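Here we start with a single chain on its own, the form predicted alone, put down as structure tokens.
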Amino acid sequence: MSARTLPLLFLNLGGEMLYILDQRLRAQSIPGEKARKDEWTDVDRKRVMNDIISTMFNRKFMEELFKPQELYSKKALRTVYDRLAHASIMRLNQASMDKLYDLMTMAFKYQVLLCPRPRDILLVTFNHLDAIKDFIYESPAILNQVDETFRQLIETYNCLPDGEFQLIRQTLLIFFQDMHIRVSIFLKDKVQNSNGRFVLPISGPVPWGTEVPGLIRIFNHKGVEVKRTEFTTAGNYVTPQREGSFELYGDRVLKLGTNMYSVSRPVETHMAGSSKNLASRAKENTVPNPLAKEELNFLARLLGGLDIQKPAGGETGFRLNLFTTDEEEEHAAQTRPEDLSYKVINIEATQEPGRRAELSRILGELEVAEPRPGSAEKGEDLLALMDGL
């Protein structure tokens, strides 16, 4: 398990979340002069995107995120995205939030599986950040936030050896291994089977720095090549023309991580497999963790310092539906297996002194039989961070 995985997981899932929200907001927006008070306009869309991106790239949040640490649990990470999605005037109900998270996770899982080499996960991340910058090109202050995170990524990851990126890839695949949710856009493109598992291609460009398969070289004990044998491969492989850029600006070459919703297509999600199998897998994922309460409260402290926008005055939050109709949304909420519905814990993490004291009291009551090395330091760092905001 790599302690450098969390920033890449968070930023790539966040990028997919922004792609989906932007597509749905555009689909439901009404021209400003024709819109009623409770209908979306393009001004509202830009405001939502700016608010969420500004919150997501909060400087102190990023500093804490980039510290070497283990991945958060699935439920704890889902809590972060629930909070981010509601960082503006937009409101999602449980079914739409479930669908949003399903789409985010399956899209990034597909990208990780298709990366030609482990290091290319960084190029996928850069593609997400490049697209995020396009969303907020009219907001220089937020652009600076994203660029600062870009520089942190380059400084932290460009120097890592290939072995560390292999560990990062394995850590991500372990995180995603029980997620087999069918997504209509993948099913239509025939890159996902009806059981929710992805179809990996056997053709296309080989990883940068490698050769097209089809040749076996035989060497003697002195290291001298003595024989060559050619063989026919089942796939149609090609050599990549150049390596993608790992700098702040440049051609990434790799297309994984770009916005697949830029061409408007309806996207549906479906649970794969029988309900019994799904429920059993879900129970395996939700085995109580003695550190879960501690983890969530650390997250509460961390998220409590973020600037969550609340509708001002008489302004009400706009509801966004990720389904085609309200009826479909209600049906999805009723038919989704209860064990697989992420019921997000509502953590009060504002900066009011009374609530801060209550969270401190809860943390003080935690009893962990064998604390892991560094866990106390991590908590102290987060508490100090939130106290200083």
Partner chain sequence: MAAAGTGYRRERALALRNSSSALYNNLAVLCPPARPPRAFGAVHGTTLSLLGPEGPPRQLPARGGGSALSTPLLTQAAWCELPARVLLVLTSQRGVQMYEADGSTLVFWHALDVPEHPAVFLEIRPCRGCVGKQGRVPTEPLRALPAPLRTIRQHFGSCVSSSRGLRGSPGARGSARARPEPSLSQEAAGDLVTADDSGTLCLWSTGEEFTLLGKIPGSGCTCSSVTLWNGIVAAGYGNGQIRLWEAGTGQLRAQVSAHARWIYALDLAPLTGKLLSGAEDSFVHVWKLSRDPDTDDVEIQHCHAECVTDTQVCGARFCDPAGDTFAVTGYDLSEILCYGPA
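Just so we're clear, the structure is a prediction, and the values are computed from it rather than from any experiment. Residue numbers count along the first chain shown, from 1.
This protein has a second form, the form predicted in complex with the partner chain, left out of what is shown; the following refers to that one.
This chain is displayed without the partner chain, yet in the model of the complex the stretch 191-199 from 131-139, 191-199, 90-98, 73-81 comes within 4.5 Å of it by heavy atoms. Checking Leu153, Leu113, Ile185, Ile181 against the partner chain in the model of the complex, a heavy atom within 4.5 Å turns up for just one residue: Leu113.
When the partner chain is considered in the model of the complex, Cys159 lies well away from it, no heavy atom lying within 4.5 Å. The partner chain in the model of the complex comes within 4.5 Å of no heavy atom belonging to Thr239. By the criterion of a heavy atom within 4.5 Å, Gly250 is excluded from the residues contacting the partner chain in the model of the complex.
Shown alone here, Gln166 lies within 4.5 Å of the partner chain in the model of the complex, counting heavy atoms only.
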